[in-house]
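Here you get one chain, nothing else, as structure tokens; it is the form predicted alone.
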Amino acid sequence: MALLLGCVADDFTGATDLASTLVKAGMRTVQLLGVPRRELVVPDCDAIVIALKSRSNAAEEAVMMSLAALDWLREKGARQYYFKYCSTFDSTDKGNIGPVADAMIDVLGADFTVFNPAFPTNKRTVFKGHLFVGDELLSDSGMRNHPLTPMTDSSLVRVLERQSRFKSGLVEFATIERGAAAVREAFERLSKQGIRHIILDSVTDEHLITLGEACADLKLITGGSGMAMGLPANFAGSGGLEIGDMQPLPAVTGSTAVLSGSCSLATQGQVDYMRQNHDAFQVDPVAIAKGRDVAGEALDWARTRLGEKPILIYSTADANQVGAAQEQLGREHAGALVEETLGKVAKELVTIGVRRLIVAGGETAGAVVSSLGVEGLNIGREIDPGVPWTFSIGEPNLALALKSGNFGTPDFFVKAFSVDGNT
């Protein structure tokens, strides 16, 4: 296997988003879940995306996990490396984006790296170094109330400099409009000024293609999935990538279910939409903390309802409900209780015949796939931008859609099961 691109993602849904982007551009891509075993046999591919559950960990732990994944990819001889985070730059003033990027720069001996969370297709853009969600600044969007990583500053320069020991600079819209050569000149100028973190404006997909070309020779690139759009063309141009048709993936039949732990506004709407015509069970962290066997209750409820229509098991709630639970239980403890419970539920659902499963929320997805023992995924057809069907490598044969909390149309949970996962 001649590995071209080695990627480390800070959550499971974001990793799937990145893998889907690469597949659509013609790269054979495998997603691995957690730091892989040394002896793990990986199908022949052009890119590997290692999905970590590190976004909300302590910075030191996130760095350790990320460097372990990077070390595994370096052993495979990747030509270029990619650190993937959310298109809303989810983090706190302590990290984890800055500390992980700093550590990767040091290990790889890079002079600098770039930062670009933009994903215009999903209305994430960067202008004058400020991140927008649709027409709103990030700090005015629903992300300001995120239960784990509230984003109250839209300036990526300021956010990153609070997290990192390195200075940050910016390549603005006007430079990117002039093409890849102008961007490379800006890189050289900023690097000579001692700037090692370079933030990139991006308003359109065309900007992402230009930036991909400009970054062809960088050891390390960081960004959301959109920043990877222009990279496959670099490998094809250098003769390392032969773009062809993807191999068909196996058909998966069996019962269907949705597990939703995200509390983003988008997921709240998706839960409300599905509850109108489908059976739903709500997981309450306070009840779990009081000693109730909520996982058992959910499974007893599910056993009598599995059939042709998907069922919904969710902890998704609005900001007031989440805040009340966190005040009573503590932020981290409340989240851990829900994740552990949904992980147990997922494992038992598969035991009783569920084979197609949607999971909403990066932290929830990490808990679920870890509980299921899935080590790797092949990437199938996209349901909505950034959210494809994936197919487990090994047994049991599962179809999984790992959805970022912020992604998908209001009817996502319902329509997903009508989409054929084959590319």
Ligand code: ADP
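Start at 1 and count along the sequence shown; that's the residue number. As the structure is a prediction and not an experimental result, all values here were calculated from the model.
FYI, the form predicted together with the ligand isn't displayed, but the following is about it.
- Residue-level contacts in the model of the complex: of Val107, Ala233, Ala317, Leu220, one residue has a heavy atom within 4.5 Å of the ligand, and it is Ala317.
- Proximity to the ligand in the model of the complex, defined as a heavy atom within 4.5 Å, singles out one entry of Arg196, Arg305, His146, Lys347, which is His146.
- Taking non-hydrogen atoms only, Gly224 never approaches the ligand to within 4.5 angstroms in the model of the complex.
- Contact check for Ala325: a heavy atom falls within 4.5 Å of the ligand in the model of the complex.
- Shown alone here, Asp46 lies farther than 4.5 Å from the ligand in the model of the complex, counting heavy atoms only.
- By the criterion of a heavy atom within 4.5 Å, Gln31 is excluded from the residues contacting the ligand in the model of the complex.
- Partner contacts here mean any heavy atom within 4.5 Å of the ligand in the model of the complex, and among 291-299, 160-168, 263-271, 205-213 they occur only in 263-271.
- Shown here without the ligand, the chain has Ser404, Gly405 in 381-417 lying with a heavy atom within 4.5 Å of that partner in the model of the complex.
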